[in-house]
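Just the one chain here, the form predicted on its own, laid out as structure tokens.
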Amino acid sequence: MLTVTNLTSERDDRILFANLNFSLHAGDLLQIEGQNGSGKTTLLRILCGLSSHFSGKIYWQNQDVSQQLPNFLQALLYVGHHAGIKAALTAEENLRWMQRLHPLLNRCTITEALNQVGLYGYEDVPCYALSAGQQRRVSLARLYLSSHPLWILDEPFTAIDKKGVLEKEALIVKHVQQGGMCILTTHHDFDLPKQTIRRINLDQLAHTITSVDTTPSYLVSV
């Protein structure tokens, strides 16, 4: 379980969000919404331990993340807005390097993961020779490899075609249906009549900052 209490962050003397509270349990899918500049990526970076510019508390399995950061980081898979790969390495080499950093990238073989993202035959091609969409697919191949319980994804559907979007959507749904957790930002509307998606809209949250309740709930379930 991931729990966030009274999370507040500001940038350039502007409060992005204040007193943000939510909990995430096994089987939960949480979508972070808001316009560009609303703080979506900032929130994800805070949750992943990549930013310390915040106040409030983050708990993993009911323990303060700051007291068990290595264990927490081992439990999560973060896919940022950028591909996050080394251009000089091949697709296979990038994923093998990532596996050494994250032992839980073990669900299937690298070849199987690359096949799933449509990169069959590109395993040995240096990533600088791949298109932006193909480089993004190398990064997203980690989703097929991952057995991490918590996925945090920043715009995972960027630079991939409609077929790829549907495949990744199905993979995310499968992950949570099998007891995983996922937090993501996306402008994509999930077509999931049987799947409850919890949402936080940072634009709506920003409108309440001038008179903040100390115990608000900004989660909306649909």
Partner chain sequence: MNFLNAAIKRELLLALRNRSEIINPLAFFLLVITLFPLAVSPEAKVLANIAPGIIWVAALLATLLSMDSLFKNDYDDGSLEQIVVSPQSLALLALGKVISHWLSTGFLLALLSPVLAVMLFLPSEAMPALVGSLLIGTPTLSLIGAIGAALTVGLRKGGVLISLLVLPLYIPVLIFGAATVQAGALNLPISGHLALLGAMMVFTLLLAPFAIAAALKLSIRN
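Computed from a prediction, not measured in an experiment: that's the story for all the values here. Numbering follows the first chain given and starts at 1.
The following text describes the form predicted in complex with its partner chain, which does not appear among the structures shown.
The partner is absent here, but in the model of the complex a heavy atom of S51, alone among Q35, S55, Q177, S51, sits within 4.5 Å of its partner chain. Interface residue remark: L101 is counted as part of the site for its partner chain in the model of the complex, having a heavy atom within 4.5 Å. Using a 4.5 angstroms limit between non-hydrogen atoms, A88 touches its partner chain in the model of the complex. Taking the partner from the other structure, its partner chain in the model of the complex has a heavy atom within 4.5 Å of a heavy atom of R45. When its partner chain is considered in the model of the complex, R142 lines it closely, a heavy atom lying within 4.5 Å. Picking from 65-73, 26-34, 163-171, 182-190 the stretch near its partner chain in the model of the complex, with a 4.5 Å limit on heavy atoms, gives 65-73. Remark: none of the three candidate residues (E10, F17 and F22) comes within 4.5 Å of its partner chain in the model of the complex, counting heavy atoms only. Looking at 115-129, no residue comes within 4.5 Å of its partner chain in the model of the complex, counting any heavy atom.
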